[in-house]
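Okay, here we've got a single chain as structure tokens, the form predicted alone, with questions on binding and movement later.
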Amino acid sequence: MNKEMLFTMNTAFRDEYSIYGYTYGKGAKAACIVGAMRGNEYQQIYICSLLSKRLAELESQGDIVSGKEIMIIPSLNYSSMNAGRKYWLSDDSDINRSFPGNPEGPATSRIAASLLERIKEYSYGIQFPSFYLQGEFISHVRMIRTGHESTNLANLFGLPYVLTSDSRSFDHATLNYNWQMEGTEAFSIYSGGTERIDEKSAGVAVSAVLRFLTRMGIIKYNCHGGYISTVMNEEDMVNIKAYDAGFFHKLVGINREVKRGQVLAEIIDPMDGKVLSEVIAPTNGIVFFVQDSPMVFQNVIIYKLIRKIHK
């Protein structure tokens, strides 16, 4: 393992702020793995720590294929993590909304520009972003449809689902989109939560990455075959929103088959304990996402269902 500085700058909070990458093997730039970009992404940096440990073991055993290099960048925003903040400390900006970046711009833009310049030559890019909704969800690979994406390669992670989505205006400022624009095969792996560590889903993510690296001829590793992934459009999911605000009493969790008309949860009045409304499945399907906050607000998404096409 080799530790190298990828970016450094002076800040108002510290003498200097530096970002490091950890490389395993030597040779062609085969794969780059990026972890936490936000200060609350504990699960994402934890997954990177597990991968770092495993790749160090494989390297010591001679199981990284000769002429291949893997880089892991565990965190781009550890100063916010140290301060208990989600975004960049000085201006509350988001690194993953700052790509492709500007070397002469504000801090997050400079970080994004320097990072992209350093990692754009890798053949495969794997990122662990946080899910945009708070809650539990089925582990999956997500890809922005740019015309450069490859769902066939995404299948090689062996996760249950590969989700694709149309690019929206803010996606153009993300790492995944700009990685693809630079010619890297980029994948976003979503596994577990964000502000909490989920050991089980972290293990799923690590296995998925090692499985992919094995299948791409980058490492030598005996792994379980995983799933035959189902490829689907994110837009085809069914969103279920809360009719009322109150305590959220979940009755059905993720990865469960449900039938149309089934009660999934209850919204309870926090003052008198009465059931304000029931959350009803509008169609047959599989629960992909369920929020995990003890209280919910009116009209927020609390469930996402994968619609079952076949009876």
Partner chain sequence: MIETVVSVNLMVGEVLKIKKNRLAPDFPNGNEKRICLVSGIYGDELQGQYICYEVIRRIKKEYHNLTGIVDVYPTLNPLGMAAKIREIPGSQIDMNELFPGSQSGAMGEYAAYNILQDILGADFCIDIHASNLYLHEIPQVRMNDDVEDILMPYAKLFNADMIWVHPSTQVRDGSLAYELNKRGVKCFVTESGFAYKINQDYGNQLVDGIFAIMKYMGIWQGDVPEIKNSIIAHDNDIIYINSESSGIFIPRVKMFDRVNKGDELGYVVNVITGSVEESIKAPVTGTICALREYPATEEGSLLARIVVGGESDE
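Since the structure is predicted, the reported quantities are computational estimates derived from the model, not experimental observations. Numbering follows the first chain given and starts at 1.
Just so it is clear, the following notes concern the form predicted together with the partner chain, a form of the same protein that is not shown.
- Screening 61-69, 23-31, 265-273, 47-55 for residues having heavy atoms within 4.5 Å of the partner chain in the predicted complex returns a single hit, 265-273.
- Note on the partner interface in the predicted complex: the residue among 211, 97, 142, 118 having a heavy atom within 4.5 angstroms of the partner chain is 97.
- The partner chain is not shown here, and in the predicted complex it never comes within 4.5 Å of any heavy atom of residue 235.
- Proximity of residue 107 to the partner chain in the predicted complex: non-hydrogen atoms within 4.5 Å are present.
- In the predicted complex, at least one heavy atom of residue 86 sits within 4.5 Å of the partner chain.
- Using a 4.5 angstroms limit between non-hydrogen atoms, residue 170 touches the partner chain in the predicted complex.
- Taking the partner chain as it sits in the predicted complex, the stretch 279-302 comes within 4.5 angstroms of it through a non-hydrogen atom at 295, 296, 297, 298, 299, 300, 301.
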